[in-house]
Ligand SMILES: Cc1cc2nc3c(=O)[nH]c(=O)nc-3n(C[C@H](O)[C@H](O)[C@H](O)COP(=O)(O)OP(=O)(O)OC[C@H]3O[C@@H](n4cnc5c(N)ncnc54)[C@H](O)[C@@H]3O)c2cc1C
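Quick setup: one chain, the form predicted on its own, written in structure tokens, and binding and motion questions come after.
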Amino acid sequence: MSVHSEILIVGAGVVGLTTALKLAERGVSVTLLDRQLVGREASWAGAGMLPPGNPASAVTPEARLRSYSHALWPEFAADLADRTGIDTGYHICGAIEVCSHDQQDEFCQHNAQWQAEGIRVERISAHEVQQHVADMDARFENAIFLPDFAQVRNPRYLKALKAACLQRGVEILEHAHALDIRQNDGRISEVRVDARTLHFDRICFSVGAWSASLMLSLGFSIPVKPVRGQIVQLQLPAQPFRCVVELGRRYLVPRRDGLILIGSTEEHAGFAKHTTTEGVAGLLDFAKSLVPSLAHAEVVNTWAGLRPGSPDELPLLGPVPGFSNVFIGAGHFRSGLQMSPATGTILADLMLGETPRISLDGLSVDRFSSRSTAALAGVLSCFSSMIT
């Protein structure tokens, strides 16, 4: 059977879903496919943290994309809830950032960055920390509070995105295996999957940690690799604190129903997506070191996800060099869900020939191509034993 859509999106994680929705809202016919169920990889596995931003003062590529998403999130989450009846769990909860004695310099730099961006940030005392988190270990004397920090429940958000896409007429193909991608003269003309042949005008790849192997099959190299992150989920009878707590790159995220997420490890373990005794034990020790009373919480669940990491931890967004109708959104690392409203809007703009609202300097797909062949080969060598 032959089917034609204006745009085909390969990869139905949070980036693929959001891009499909943004396109469908503009009247574009979209087919979205994934090798398994929608949103079951890194999109589902994250903690749903949404740091603040200020578009007026955002200078760096990361700040521009984060701030753009921050501006979009409130209306986007409310609109999804209105359309689908699904509560995504989006709410402003605030966040406390603390530091240990050996992290003072990094902590001061981060605080200065927030202030330079014009983000609301409050320096708080150890006593004020206790007012937010009653059982916080007293050794954390230096802390800042970010009142505009928000969060969302990943599984609910993905469920709402899927429902909204279906409402808008997006065709979603799950369990799509063994793609046969046909390319000719710098253009991908069709994709065959199972008993179907899909024709389209443009195609976008949003396959997360699998992006490098897929791009290599098309003759284009990108340095995106999987970085495993493990999370532990605790349960308490009631919410013990309301704000996110961050120490460096690790965190505690409280949900309104008493669940608490502890995350996250950063491991270069290839495509091995499983939890380990070492990883789980380390996260539990971390949680108890911040909030000792968590030692009495019930461990409800543990899981792992594979983040798509790039060398600068920023995504590659836009057209793929050497192709006239191929686009990619990959390499968001820890920020795919948080940056999804902006990423989906940007990719939709680009595929429709429109100019995005923010500069994509520092986010282009070919920004690593100027590096030496030897250096890039070193980055990509890890994929030889990982392609599945």
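In case it trips you up, residue 1 is the first one in the sequence shown, and so on. Quick caveat: nothing in here was measured; it's all calculated off a predicted structure.
The next section is about a form of this same protein that is not shown, the form predicted together with this ligand.
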Can you tell me which of 87-95, 174-182, 235-243, 195-203 lies within 4.5 Å of this ligand in the predicted bound form, counting heavy atoms only? 174-182
Contact residue in the predicted bound form, from F76, F220, F107, Y251 (heavy atom within 4.5 Å of this ligand): Y251
Quick one: of T31, N325, N54, S335, which gets a non-hydrogen atom within 4.5 angstroms of this ligand in the predicted bound form? S335
This ligand contact in the predicted bound form: V207, any heavy atom under 4.5 Å: yes
Against this ligand in the predicted bound form, would G48 count as a contact residue? Criterion: heavy atoms within 4.5 Å. yes
Contact with this ligand in the predicted bound form for L23, defined as at least one heavy atom pair within 4.5 Å: yes or no? no
Distance check, K225 to this ligand in the predicted bound form, heavy atom within 4.5 Å: no
This ligand in the predicted bound form: within 4.5 Å of a heavy atom of each of V15, A42 and L214? yes
Even though the chain is shown alone, can you say which residues of 303-323 have a heavy atom within 4.5 Å of this ligand in the predicted bound form? G305, L306, R307, P308
